[in-house]
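Taking the form predicted alone, here's one chain by itself in structure tokens.
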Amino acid sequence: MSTDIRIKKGLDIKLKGKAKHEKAVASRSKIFTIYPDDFHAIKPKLSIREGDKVLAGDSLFYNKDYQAMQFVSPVSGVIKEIKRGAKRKVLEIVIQADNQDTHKDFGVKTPSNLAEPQVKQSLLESGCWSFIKQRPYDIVANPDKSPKAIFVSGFNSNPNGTNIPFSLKGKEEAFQAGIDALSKLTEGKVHLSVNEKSFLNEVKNVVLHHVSGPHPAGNVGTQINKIDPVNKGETVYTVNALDVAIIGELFLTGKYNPVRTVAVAGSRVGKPQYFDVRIGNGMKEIVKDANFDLKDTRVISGNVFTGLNVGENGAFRHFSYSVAGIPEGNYYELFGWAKPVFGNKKYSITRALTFTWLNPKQEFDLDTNTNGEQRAFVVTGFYEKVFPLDILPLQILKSCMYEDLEEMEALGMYEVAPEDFALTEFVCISKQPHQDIIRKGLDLMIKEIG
């Protein structure tokens, strides 16, 4: 049995350089890097020292507030360097990787035959718990809080995003095993949303939802809002579909193998296609394999809306599900706001002085220029046109800025994440950093409410 959900508000942006449905394996880098800051609100306590030998799956650090929660090495090798910042904060863990991985054995298990404590223990000790996020707060889930439901989005609606059914080809058994494991963590339902015919329509042990409409229809936050909103005192878990397969592989093989098949796309990518990429892999190898044009190019680990600007010397991050290469907008344009817009270099949802709407099928070659400076909020009604959640976007952003906790609660902060405001940030005439504002608001709630 399935339900149909139609998202009407949103915005689809066609970008140049969409990844072809061809797969390759990204070259393995000699250096892998893990960033503890990827795990928001976690207090890392190191399990290793420089010079230590580690297996793939060995603990690098654990959560100081929940010591059973391990964060593990994606490869086998030697700890080359631990980079620290102010107050000795751990910024990076650099691993000199072996040519071939030796894995720690967590044991082959059948999730459907396990009880909830056994599944939870396997996920915590193997590092796979790090793939499970919770709402409220959009942080790594608290194992002590039982979720009322678990949500998995089976499609990606971001511009040039990874096609999940294509990415998971050959991993059907692992995906099902991952779903079986997740179903043990809740007395509620596991919700899986799809938007096209694929093997995902046949997955068992889930409630299937057919979701259609423009971006952000594929965002799990949109689906939560339409299916089972989060109220005060409630918790839901969210897991990316690509990580469900990694969790399933853990149970089927006993190995932690954090490899994702992701789209490497963008107008600055010479060979836009899909690559198997291991978490922590150097971007230099990916850039070379995909034939990036690096002149004035932003190399993004993630999608163009929510990804991180890591550059060619960075690494593929823990919560990245695509790679993008787009032009840097490091230029200024005199009276650019007053000039008519032709071609595919700019995009606007208003038709004032813009003529791109005359060709709805054209692909855009957008850069990172904000085309204006940050200023006070201007009430335009644009946010509401692209924001499908039953929440007032402008009001919740303002409540975060003046730190009114009661108003933030009343407006629905318990169910939002920064990615839910990526589109409102894109169309914002005031050039306000919406995602950063929401993240700071959520951090305040963690601190004051817990």
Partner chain sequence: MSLKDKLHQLKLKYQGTKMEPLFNAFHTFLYTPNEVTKTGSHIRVVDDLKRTMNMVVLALVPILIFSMFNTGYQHYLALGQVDYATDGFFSPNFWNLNNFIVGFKTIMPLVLVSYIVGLGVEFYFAMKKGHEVEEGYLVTGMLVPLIVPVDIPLWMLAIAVIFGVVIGKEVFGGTGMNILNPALTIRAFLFFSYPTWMSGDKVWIHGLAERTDGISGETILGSLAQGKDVAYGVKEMFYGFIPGSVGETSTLLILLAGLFLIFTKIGSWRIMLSTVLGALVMGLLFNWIAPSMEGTKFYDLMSTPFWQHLLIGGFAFGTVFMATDPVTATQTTKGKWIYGFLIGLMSILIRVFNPAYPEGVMLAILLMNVFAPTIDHIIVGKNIKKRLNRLKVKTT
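Note that the structure is a prediction, hence the values are computed from the model and not measured. Positions refer to the first chain, counted from 1.
Another form, the form predicted together with the partner chain, is not on view; read the next lines as being about it.
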property: Interface segment, criterion being heavy atoms within 4.5 Å of the partner chain in the predicted bound form, picked from 260-268, 304-312, 276-284, 113-121; result: 304-312
property: In the predicted bound form, Glu384 touching the partner chain (heavy atom, 4.5 Å); result: yes
property: The partner chain contact in the predicted bound form: Asp58, any heavy atom under 4.5 Å; result: no
property: Close approach of Lys339 to the partner chain in the predicted bound form, 4.5 Å, heavy atom; result: yes
property: The partner chain contact at Ala86 in the predicted bound form, heavy atom, 4.5 Å; result: no
property: Heavy atom within 4.5 Å of the partner chain in the predicted bound form - residue from Val378, Val207, Leu294, Leu91; result: Val378
property: Within 4.5 Å of the partner chain in the predicted bound form: residues from 192-213 (heavy atom criterion); result: none
